[in-house]
Structure formats: C-alpha cells, structure tokens
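Shown next as structure tokens: one chain only, the form predicted on its own.
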C-alpha cells in the first residue's frame, strides 16, 4: 500500500469531469495530457488536443505573455469556461496542479513563483551506512532510490513522488547525501546511469536532478590532489561534467558540503571557499548548471571552556569576506538559522550580509530536532515567521532560492507520520509564495488529502496541527537555547547532552542564570551581525523578543521577560503547558475515529501515544534540571518531578 498523500484520485474530480482542450507540444505538455486523461477516465470527462473542434469548458495552452516567466501562468474564467495560458510548458504543468488544488473561478489571476528554484535535498546513502543507515536523519524508512547498495528501480513509486513534488511547487531534487561516501562518489562516474534513470522520471514533471559531490572526488578517482589551482583538477572536473551532461542533458548541478564536520574542502590546500566553489562553477557554466555550496562551516572541535567561540557566528565570519567573489552560478546555501535547525532560532545573520552573492535559504523538512516524525510538528508557522521577518530580518527578501532537506522515504505513508506530509506540502507552497498563511496552506493539504472531509475532521486537524510547532517548542528547549537533546540520534531530552562536547555549548546554565551572552557589549558579538534595527533589538535584554531571549542573553532566573513572567517561571509554565497540549492532541484525534482510513488512523494514534509520553519526559527532565540549578520553586505549587 502506497498512500496517495495530497493527490488521491478524488482530488481530480473538479476537473476530471469536464471537456478539456490542451494545445502545445513537448514533454511537459504530454505530461499534462496524461494526467488529465487519467482524471477524465475516472470522472467521465474528455481531453482533446489542438485548436478547433467543439467548444471546451477548460482550455489549457501555451501562448501566454513572456512576462509570466518560465513557470508562471494566467487563469481567466467566465461562466463555465476557464482558460489557462502559460508562456512555457513548465507554467502549463504548474497551472494544471493549481486547478487541482484550488479550482478555477475563485482563484483567477496571474501566478509566478517567488524564486526560480525550490529544491529538495535527499540525504540518501546508496549503501547502508553503519551509523547513518540508508537515509541520514531519515525518519520515514529507507531510500526511495537505493536499497543496500543497489538501485531500487521502483520507477512507478518515483513517478508518484515526482507528481507529488510538482503539485506543491518543487522543481529540483538532489538525490544523495551531502555527506558523500565512497559509493555515492561513484554516482558521478561509473554509476551515473542510475542517476540518469531517475532523472528521466523527474524530467517528465519539470524537476531537474542534482547530485551531492565530494570536493575530494578527483582524489577518489585517481588524482593525488583536489587543489582548485591545479590544472589537472580543473580538467578532471571539466571532463567529468561534460560526461554528466552527455548522459543527463538537463542536469541541474552539484551540491557540496566542504570543510564542514570532517568533509574535505579547499582549506586543505590553503584555498578559500570561493576558490573551491568557483572551480566547480566554471566546469558547470557552459552547460547551464549551478553549484550549491553549503555554508554550514564551523569549528566542531571546540573547547567548551572557551566562551569566545560561537558556532552561531561561524558561517558569517567564514563567508562574508568573500561576498562578491563567487561566480554567478554559485548559490551559497545557508541554513535558515545560525545553529542547526532548532525549534527556535533567529534568522542566520549571513543571509542578510551577502548582497553580491546568490543566497539559497535552507530549511529542514525532516524533523531532526522537532520530533523526528514521531511528533506532530507542523513547521509552516515557523518558516512563515522567518520568511516574513516576525522576529528578525525577513528571509524572503534576501533569498535567491529555497532549499530543504527531504522528509520522505519508502514508508507507505511517505513520511512515517502521516501528518508530517503537511510539512513537505507546505515547504513547496511557501517556496512558491512565501506570503501564504500557514493555516490556509494546511487547509489546502487537508482538502486534498481527505477529500470531502467533514467539518469535524477538518476542525480536529487544525486544532491538532496549527499550533503544534509552538507546542513542541513549549515542552522542549525554552526561549531559544536549543540542543537539549540526546547526542547522536537527537531524540528525547538531555539538557547537558551537548553542553560539554566538541560540537559547541548551547545554554551555559549555572546557579545564577541561563542563556548564551551573544551581545556586543559583553559576549560573542553575534547580536551585532544583524542589520538595523535587529542588532539594537537583540543587544538589549529589555527589547529582545522573549522567544530568543536566551539565545542572545545570559539572564538571571528571576529576570522579568517582556511578557511579564520570570525566566524560571516561563520554563515551568511552558513545559507544563506543552505536555498538556500534547495530551489534548491525542484526545482530538480520538474524536475522529471512523473519519480517517483505519491504517492511517492507527499509525497517527500510536505516534500520538509516543508524543504524549515524550512530552511528559521532556517536561519532567527540563523542569527538574532548572529547579535544581536555580533553587526557585514553581510559583503555582505544582509538583516538579
């Protein structure tokens, strides 16, 4: 059984029962026709190709204004007649899925994506890694593409997957892990045929295929160096890239994690990140390809006693000196926050500090630090706040494109937790239009995923999911400190788990207070890296948003937050509230028994049991820790475990 996610057959009813004309030629136009014919065969409609003939009540075709761009489209409607026009086939494909999502007459107008590329990165390993498994940080089973070192070749499933991605607005995929191992390195050369086979499926849905590559690939393939200044290295990348495009003509480009967490990079040869990225960019440029160069670079061998070392400012310090030095076809891929996909972070200061560089903002759909797809945690509200600039610079104004780490696998429900499908859908939709309201996006997903859902089911899903990110935040790490997780697998509470490790320190709790001093006046200076007015706001403990108070300040337990409560009382209250809200989610789900397919209902029910158990564990461990550190009792007299 493979779940249909947000494209069940019933979702096509609105257009599948109509007489539809499609004009235009090309692979993507053929895809549009195939999809519409499948819908019409089910619901009694008809698809005709070419101009002329009897009138149609739905008319899709090329010939729109070039101002629509490569993926834009225009919808007009009068009475029972709807016209969709696009300048290019990609626009026609996206317009068709618009009609599936939203209908026609109520959503006429001109539609274009906010950025040209909305990419999904898979952290899939070809071989099963002894630590990382088949998918690193994968919480939905194994890879869709490989199994135990061999290609799966389940192309019907990959086709269904490509259809789902295009339907929500994603137009690029990277197929393998950014931590490139020996077998993955061969995807670039003697196993390129496996990539080409997958690229052929994604191509039919307007999705370009990319590969993660090792900076040391020339060494892995026989050279004695990977130095960007060495002509032999330049020639190797150029000739290898020619072979890639001879096999995959629409290949998108390379993704590189270099000089990061032990991955090889240009620092080995005394070169800069710009030198390394430009080496690959020059090889790709003649073919129209791009390099995504990850900015996740920091000292991962820190001494916890050195309070001057700050992982939160490392990427800024590494990359801002090179602004303007990167080729035009380099995209600097920056995590949305300065740490590592925590439940609460400010925007990464680097994103607003590279005006002469193309910056891609990276999100994490896979829930590494937000419940690992065992907890309901609808992430669109968090992403929306970052994109719109609720507590910092509006990332949508600086992003040249959006990237996200995938949350899918070979699980029958695609994402392990059936409700985690909403995060992938929302990422695609917000990538197309960052101004969309998260609740409205969730409503789209509910409408598509549960066709004909009664009001009771729709209301229950909103009650469970709308505020689930903040619920997760409440019962986990308080006020922006983050990383209170068990080292290695990152699931469950461990307040000091990372506090004294080489990966960094995150909360600095002592008997007097908690939080990291990142002010310019007395701390690491990270607060001063932001543009106005945020540098001033973050610098002041009286103006800093409560949500980020402990990210930027080491505060006494009795410090009064802008919301009126003390730091210690906020910790107690939030953790009690979060655990209670998790229990309420379970109660709301119990109310919809019989309204959801049994397999899906049972999967969610079992996972909500685990979420409630875990939330109580978080509540008890965090509150106990801070009660013992502070010596301050709960003002409401509740039992601290």
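Worth saying up front: this structure is predicted, and the values here are computed from it rather than measured. Numbering follows the first chain given and starts at 1.
As for the form predicted in complex with a small molecule, it is not shown, yet the points below apply to it.
Residue contact check for residue 570: none of its heavy atoms lie within 4.5 Å of the small molecule in the predicted bound form.
Looking at residue 496, you'd find every heavy atom of it more than 4.5 angstroms from the small molecule in the predicted bound form. Contact check for residue 112: no non-hydrogen atom falls within 4.5 Å of the small molecule in the predicted bound form.
Using a 4.5 angstroms threshold between heavy atoms, residue 268 stays clear of the small molecule in the predicted bound form. Looking at the small molecule in the predicted bound form, residues 123, 257 and 490 each place a heavy atom within 4.5 Å of it.
Across the options 136 to 144, 274 to 282, 393 to 401, 506 to 514, residues that bring heavy atoms within 4.5 Å of the small molecule in the predicted bound form belong to 136 to 144. Here is the short version: of 429, 336, 554, 294, the single residue with a heavy atom within 4.5 Å of the small molecule in the predicted bound form is 294.
Scanning 443, 261, 238, 303 against the small molecule in the predicted bound form with a 4.5 Å heavy atom cut-off leaves one residue, 261.
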